[in-house]
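Have a look below at one chain only, the form predicted alone, in structure tokens format.
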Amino acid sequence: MSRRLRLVVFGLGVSGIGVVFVLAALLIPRFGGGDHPYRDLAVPAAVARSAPNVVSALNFDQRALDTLGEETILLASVVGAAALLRPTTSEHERSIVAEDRILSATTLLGYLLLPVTLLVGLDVVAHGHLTPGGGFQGGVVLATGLHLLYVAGSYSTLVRLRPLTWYGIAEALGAGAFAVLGVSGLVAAGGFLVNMLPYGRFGDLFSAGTVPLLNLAVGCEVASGVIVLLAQFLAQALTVRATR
């Protein structure tokens, strides 16, 4: 593709986005008004489906298709970053070098916080349909919490306890489970990602239909994806060197 043709394609794309943006800015409701139709519809719908966390009800029920797109974007980003960070022909991977001395207080605090952080992450994912949080937030807590091993111990310890093959499979399973639940709703109730399971009792752990299941799928995908992503950045910084 020539430079001129690329500029034409770019100009058409920018023009289209510009038109949509201007229309959105002109037609948006005035700030501070008392008319909030989205709120007035979303909150009763969440309560009717026994989901106290309205945000999760929006993400995994009322607009679950958007969330599938967001999850796919993360998956594609991890795959792209992993591909870009692979050692090139001018680079090579060296053995893990000995880590610098770590303060005893840092090591102790890191190992004490590791199980606490992982439990908090699991709690945020499991109760995402009941309390603030969810699969995205809890997944990030789980992924970053695991890396307290690196902060408090050593990179070699983290590598031994972080089999990337497993996390790559878990990331794919999490993304696939979301899509499978969507297709199940299409088959069982005639709508993709429709909430077709019993809603249960308001406030119970097993309630809100498919919301907690989709939440768990996202938590699995986000945690695994962020772990794989951080692994690529750490490997690039610590073990990949230019070939002399």
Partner chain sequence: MNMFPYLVGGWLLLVGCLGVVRSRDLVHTVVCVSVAQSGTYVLLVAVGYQSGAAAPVQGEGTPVPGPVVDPVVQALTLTDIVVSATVTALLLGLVIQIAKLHGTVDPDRLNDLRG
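Whichever C-alpha set is largest while still superposing within 1.5 Å between the two forms counts as the rigid core. Just so we're clear, the structure is a prediction, and the values are computed from it rather than from any experiment. Numbering follows the first chain given and starts at 1.
Omitted here: the form predicted in complex with its partner chain. The next part is about that form.
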Using heavy atoms and a 4.5 Å limit, would one call L197 a contact residue for its partner chain in the predicted complex?
no
Although its partner chain is absent from this view, report whether Y38 comes within 4.5 Å of it in the predicted complex, heavy atoms only.
yes
Can you tell me whether F206 touches its partner chain? I mean in the predicted complex, with a 4.5 angstroms heavy atom cut-off.
no
In the predicted complex, does A188 have a heavy atom within 4.5 Å of its partner chain?
no
For the stretch 121-156, return the residues whose heavy atoms include at least one within 4.5 Å of its partner chain in the predicted complex, in the order they occur.
L130, T131, P132, F136, Q137
Is F233 one of the residues whose C-alpha moves 2 Å or more between this form and the one not shown after the core fit?
no
Would the C-alpha of P29 be classed as shifted by 2 Å or more between this form and the one not shown after rigid-core alignment?
yes
